[in-house]
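The chain that follows stands alone, in the form predicted alone, written as structure tokens.
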Amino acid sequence: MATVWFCLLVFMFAMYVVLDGFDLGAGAVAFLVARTPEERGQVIGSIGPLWDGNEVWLVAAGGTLYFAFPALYAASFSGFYLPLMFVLWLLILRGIAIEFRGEIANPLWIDFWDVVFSVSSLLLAVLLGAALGNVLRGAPLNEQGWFFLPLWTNLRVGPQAGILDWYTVIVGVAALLSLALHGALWLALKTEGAVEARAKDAARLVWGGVFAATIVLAVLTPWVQPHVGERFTSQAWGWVFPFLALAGLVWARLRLTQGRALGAFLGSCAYLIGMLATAAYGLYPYVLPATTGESRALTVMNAAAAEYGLRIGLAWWIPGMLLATGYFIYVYRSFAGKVRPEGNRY
């Protein structure tokens, strides 16, 4: 039952990355594809009816983490307290920027909130990627399952590592490039005219960086976390996940070259799902490896809640997810098609 909840948790985080990832990416490339307030209004209009609903998946994943793996929730929220506060403030600033930019028809006011929107989106992509890097690398857990990490120390991977070291920074940059590609492909799908053309150019520009970052992470991750390499050596069927990621990335490039924006965007979705599934499969059964010794690591088994609670929770989770899925299908169908500029509001 604990493994089932581990899979469900990975699914919910994957949904968050795929859905909220495109509006984070759209914000990160906003000043690259839109040169006037009206064009940046198109960018925000493409995510306007959807961004807050997409973030519900992050809240739902956090709630699932608290319910199914309370030991991991407690350790992570204490050890990563400072970066989690950064994430919270950036989410707040980003939401304020989207809602406030259209309240006053003043160029300075609009430009200010556009900068806040773009910078907060960019930093969120880097921080979320660095968080994944920390989980892959591991944390200095003590015998009670707690840890503390400074923001940075000497930027080296090892016993004295901080939240930011050269590996987690690379994962953060790779996350930024991946979400920038995802956001640019979303804008190519949802906008028209000059913004659409520049979004396609941005996607072509970023694609090479994503491909290079993927190769770098494929080489570095088994070196930083040897358990990942051991998993793929002992359980070869797991190679389906990295192949899914690679196929999605190549498919995105092919469809972009053919001018098929929807196919390119779906390829990017497959890439993100494949990369997250690769990381989860490589870590299993760990949910947070320990750099202080294997016996102190948090695993799917020792971090999970009681079996009875997990069974009851699953009975409630299924109808809840069916309702959420139905709602998202309705919302995305309602706002299908291209967006068109309508002043400074969406």
Partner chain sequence: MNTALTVHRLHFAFTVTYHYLFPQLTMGLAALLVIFKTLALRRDDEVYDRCARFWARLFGINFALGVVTGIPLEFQFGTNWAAFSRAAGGVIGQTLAMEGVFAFFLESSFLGLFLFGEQRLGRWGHWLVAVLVFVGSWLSGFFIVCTNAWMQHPVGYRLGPDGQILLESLSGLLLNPWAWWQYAHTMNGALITGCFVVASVGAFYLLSGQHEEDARRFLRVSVVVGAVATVLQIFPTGDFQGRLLAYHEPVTLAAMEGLFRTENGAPLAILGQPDMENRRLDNPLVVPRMLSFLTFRRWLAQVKGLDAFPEVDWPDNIPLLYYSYHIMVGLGTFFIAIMLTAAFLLWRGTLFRSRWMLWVLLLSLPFPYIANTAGWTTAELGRQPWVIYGLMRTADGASPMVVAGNALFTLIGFAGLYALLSVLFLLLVYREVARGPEDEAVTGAG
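Here the structure is a predicted model, which means the values were calculated and not measured. Positions refer to the first chain, counted from 1.
One more form of this protein, predicted together with its partner chain, exists but is not displayed; see below.
Within 4.5 Å of its partner chain in the predicted bound form, a heavy atom is found for not a single one of F243, V250 and L254. Of the candidate stretches 199-207, 73-81, 215-223, 163-171, only 73-81 has residues with heavy atoms within 4.5 Å of its partner chain in the predicted bound form. Residue contact check for A305: one or more of its heavy atoms lie within 4.5 Å of its partner chain in the predicted bound form. For the chain shown alone, N154 is not a contact residue for its partner chain in the predicted bound form, no non-hydrogen atom being within 4.5 angstroms.
The shortest heavy atom separation between L32 and its partner chain in the predicted bound form exceeds 4.5 Å. Taking the partner from the other structure, its partner chain in the predicted bound form has no heavy atom within 4.5 Å of any heavy atom of G293. The single contact residue among L93, A270, A194, V115, judged by any heavy atom lying within 4.5 Å of its partner chain in the predicted bound form, is L93.
Residues of 86-122 lying near its partner chain in the predicted bound form, listed in sequence order, are F86, L88, W89, L91, I92, L93, G95, I96, E99, F100, E103, I104, W109, W113, the criterion being any heavy atom within 4.5 Å.
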